[in-house]
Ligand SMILES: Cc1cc2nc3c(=O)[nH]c(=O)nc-3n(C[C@H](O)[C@H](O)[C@H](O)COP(=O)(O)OP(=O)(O)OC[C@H]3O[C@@H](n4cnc5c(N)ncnc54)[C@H](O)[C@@H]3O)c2cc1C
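Consider the single chain below, provided in structure tokens and representing the form predicted on its own.
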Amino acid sequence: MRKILETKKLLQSIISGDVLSDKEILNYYSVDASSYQIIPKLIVIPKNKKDVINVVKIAKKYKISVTARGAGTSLVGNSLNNGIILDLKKFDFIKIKNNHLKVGAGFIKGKLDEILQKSGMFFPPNPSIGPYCSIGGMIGTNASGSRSLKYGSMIDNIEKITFVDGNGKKIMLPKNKKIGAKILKFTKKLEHEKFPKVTKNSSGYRLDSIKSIQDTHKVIAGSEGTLGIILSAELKIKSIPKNRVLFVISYNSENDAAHDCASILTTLPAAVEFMDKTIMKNISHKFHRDSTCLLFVEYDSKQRNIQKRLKTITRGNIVKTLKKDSEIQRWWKFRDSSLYYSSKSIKDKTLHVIEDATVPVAYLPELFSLINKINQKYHTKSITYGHAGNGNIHVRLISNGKIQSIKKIADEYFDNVIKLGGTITGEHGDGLARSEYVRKQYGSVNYDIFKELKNQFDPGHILNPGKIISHKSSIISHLKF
């Protein structure tokens, strides 16, 4: 306690931002959108980069953890820890020029969308929680969303990242060639065959995506604040497509919908999204009573005879063909509200632990089969929806009250996902729920490289410890009930 008081006093004397430790404030920052809770020691709201640098230097000296926080929308406790929580909400500047923009880590995605739309532009990654999440948080988890099928995840849409490492040094990648060369050395030692063969992956450190010095900033995407505190980023933006068409396809079985996805991908859609019956019930449309799930298939460029082609390759029934932008937006709101609908539809606690696995699309039927087997074996229920075109299905596991079974379910689920060539998380990150499985996914050789990378950027291990590099199980230890 004495160390914390000394740290607080020193911080208050040296930084221009706020340093807080009231019980109510600590409780507020002890939770996010996940089922976890960890009470921190101090909250710092920095005003500028100098504040961030000083916080990191002081935290390193006093051996206190520093965890960056954006908007607190994490589903797996990425931004929870027991030391200093660094709220970056004041890093909310934006500069737009041609097809690029520079934005602060605390800038809210919904606000960005509104600004870009006025000039006919958009930033492709679009998590369903997009109106509320921050750019720094999106980079930290390598967020994506429904459009990632065509436009990629955050890692594919960033040009530069400026951050402060665990030594309190400001670094800009890929501009810093010296640091970039060190990162490239790590990539040469990778066992690439151990990396998942999927189109979305937010687990571990994405060293596999780095092919040259110009790619070295990508190592920060998905790093969950464990390598550095993101200050700002330069992002790619695109013109809003003018030829959108959305097909709503209903199915009588999840298996049929899953099997169709690989064939649908041959038509080059911009999005292929899945919703189960629980989500369907909240959509204001009368579906056939035998319908059990939906696929939303969208195209945003001209396609010849696309409806005819879809009819020949799908086992489902096209119940809606939408071309007016207002109607397309209205139906997408149903999909984007899936998390809310799933929470509203059940009385028991839902746990965000096995909720974000991604497999090669060819193995999507096997993933649904695995989910059904787990429900039967552990007497649980689940609600499913997500980015079927990427093989990324979100699972809302409905708790039966037995906390100990959660670990067994996760062990079995992730073992099988890895055997299918998938990843334990496609867009939400490892956090408290999955960090203990990173070694299993990537193997000891890659995991040791990850640890070397961590040591390079954060030798004092003060930056968000316990995430990605984990020495103990945390999947159930901080659950709040």
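Start at 1 and count along the sequence shown; that's the residue number. If you're wondering where the values come from, they're calculated on a predicted model, not measured in any experiment.
There is another form of this protein, the form predicted together with the ligand, and it is not shown here; the text below is about that form.
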Answer with yes or no whether T67 is in contact with the ligand in the model of the complex, where contact means some heavy atom within 4.5 Å.
-> yes
With heavy atoms only and a cut-off of 4.5 Å, decide whether A271 touches the ligand in the model of the complex.
-> no
4.5 Å heavy atom contact, S250 to the ligand in the model of the complex | no
The ligand contact in the model of the complex: G72, any heavy atom under 4.5 Å = yes
Among 303-311, 208-216, 114-122, 137-145, which stretch has residues whose heavy atoms lie within 4.5 Å of the ligand in the model of the complex?
-> 137-145
Ok, A33, L26, I45, I418: which has a heavy atom sitting within 4.5 Å of the ligand in the model of the complex?
-> A33
Contact residue in the model of the complex, from V103, I406, V245, I129 (heavy atom within 4.5 Å of the ligand) = I129
Is it the case that L88, G228 and H387 all touch the ligand in the model of the complex, with a non-hydrogen atom of each within 4.5 angstroms?
-> yes
Between 419-442 and the ligand in the model of the complex, list the residues on our side with a heavy atom within 4.5 Å.
-> E427, H428
